[in-house]
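Shown next as structure tokens: one chain only, the form predicted alone.
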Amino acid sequence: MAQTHKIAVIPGDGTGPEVVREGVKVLQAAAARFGFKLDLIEFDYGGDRYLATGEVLPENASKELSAFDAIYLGAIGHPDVKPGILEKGILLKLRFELDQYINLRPVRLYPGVETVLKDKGPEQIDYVVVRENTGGIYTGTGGISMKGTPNEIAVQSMVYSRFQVERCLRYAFEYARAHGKKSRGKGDENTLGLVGKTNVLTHVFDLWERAFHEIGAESYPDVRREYYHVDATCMWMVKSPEWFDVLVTSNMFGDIITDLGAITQGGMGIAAGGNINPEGVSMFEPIGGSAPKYTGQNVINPLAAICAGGMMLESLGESEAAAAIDTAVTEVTATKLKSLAVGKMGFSTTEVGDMVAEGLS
């Protein structure tokens, strides 16, 4: 009997429904070819629901979503809703309540895609960032006192427990062991690089660095360990991205360097990510925003959403289908698209989705 994967679909705001539509099209083509089934249930969480009801998420949303095998998200962000309301009320709330403690971000340049980096190609831009996703400065620890006065004080602290750090590091070591460059035939050994700031943030990154080396030496002697300051990492992501294999870092630093990585791989239109709970339900999404000014025009690039769908299938154990999606995307970028830029692809959103889906037939 064919396996059925129960997927919660949140199209979201702006162009989110358009790219999710194409992602679902590709997922269904993959299911038909590789012999599994998808039970897709759609949820209307986003700006329109908030404006109509005043409710960002129902009280039982996290509990309801935890019963699914995965969550497929389009985009969150509405021009008529104050920034932060939806992002905190949906994205961060789900990450925290579903304990999606890993943000997984491949930084990969597909063939035929332009990059801002001179003389760099797909062989040089191919690494992964593992970002701790539920701790650090994003938890909002701190506060404001004497607000609105000349003596106003604002504090937001980077707080990490050994438990949070260790589980993130263990995931990163396991990922490097299984998916590092050596495992893909592209390097002499799998390498995990810790990105931090031990020379300034001496408390938090002392914890990260000690745990990194202790865990690595004890449980992962086959994975090479390196350390990089975050500012140096930014420089080398531009100058020599080929140095990197798998990187692991804190929530804030990961947020920053993955956006830098995205522009080097061709922009947000090709960048996909996963919010991972290895023991629970994970959520997969294109990294770009809702791009509301293009809503309904059928011109937005859906490849990031399609790639996010591929990541989702990989996490569900459908590795063959995920690899086929990746191959189909590679074929489209290498031989079909003129550009990834809005209005310059040479094809509509729908047509790009059709080409990837047809590549699976």
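Only a predicted model underlies this, so the values are computations on that prediction, with no experimental measurement involved. Start at 1 and count along the sequence shown; that's the residue number.
Another form, the form predicted in complex with a small molecule, is not on view; read the next lines as being about it.
Enquirer: Among 126, 255, 166, 209, which has any heavy atom within 4.5 Å of the small molecule in the predicted bound form?
Expert: The option sitting close enough to the partner is 255.
Enquirer: To verify the annotation, which of these, 263, 81, 91, 158, has a non-hydrogen atom within 4.5 Å of the small molecule in the predicted bound form?
Expert: Spelling it out, the residue with a heavy atom inside the cut-off is 91.
Enquirer: Decide whether residue 87 counts as a contact residue for the small molecule in the predicted bound form under a heavy atom distance cut-off of 4.5 Å.
Expert: Because a heavy atom of residue 87 falls inside 4.5 Å of the small molecule in the predicted bound form, the answer is yes.
Enquirer: Is residue 224 a contact residue for the small molecule in the predicted bound form, using a 4.5 Å heavy atom cut-off?
Expert: Contact check for residue 224: no, nothing within 4.5 Å of the small molecule in the predicted bound form.
Enquirer: Taking the small molecule as it sits in the predicted bound form, is residue 179 near enough to touch it, meaning that at least one heavy atom pair lies within 4.5 angstroms?
Expert: It does not: once the small molecule is placed as it appears in the predicted bound form, residue 179 has no heavy atom within 4.5 Å of it.
Enquirer: Is residue 95 close enough to touch the small molecule in the predicted bound form, meaning at least one heavy atom pair within 4.5 Å?
Expert: Contact with the small molecule, yes.
Enquirer: Using a 4.5 Å heavy atom cut-off, indicate which stretch of 184 to 192, 130 to 138, 236 to 244, 115 to 123 touches the small molecule in the predicted bound form.
Expert: Going by heavy atoms within 4.5 Å, the stretch is 130 to 138.
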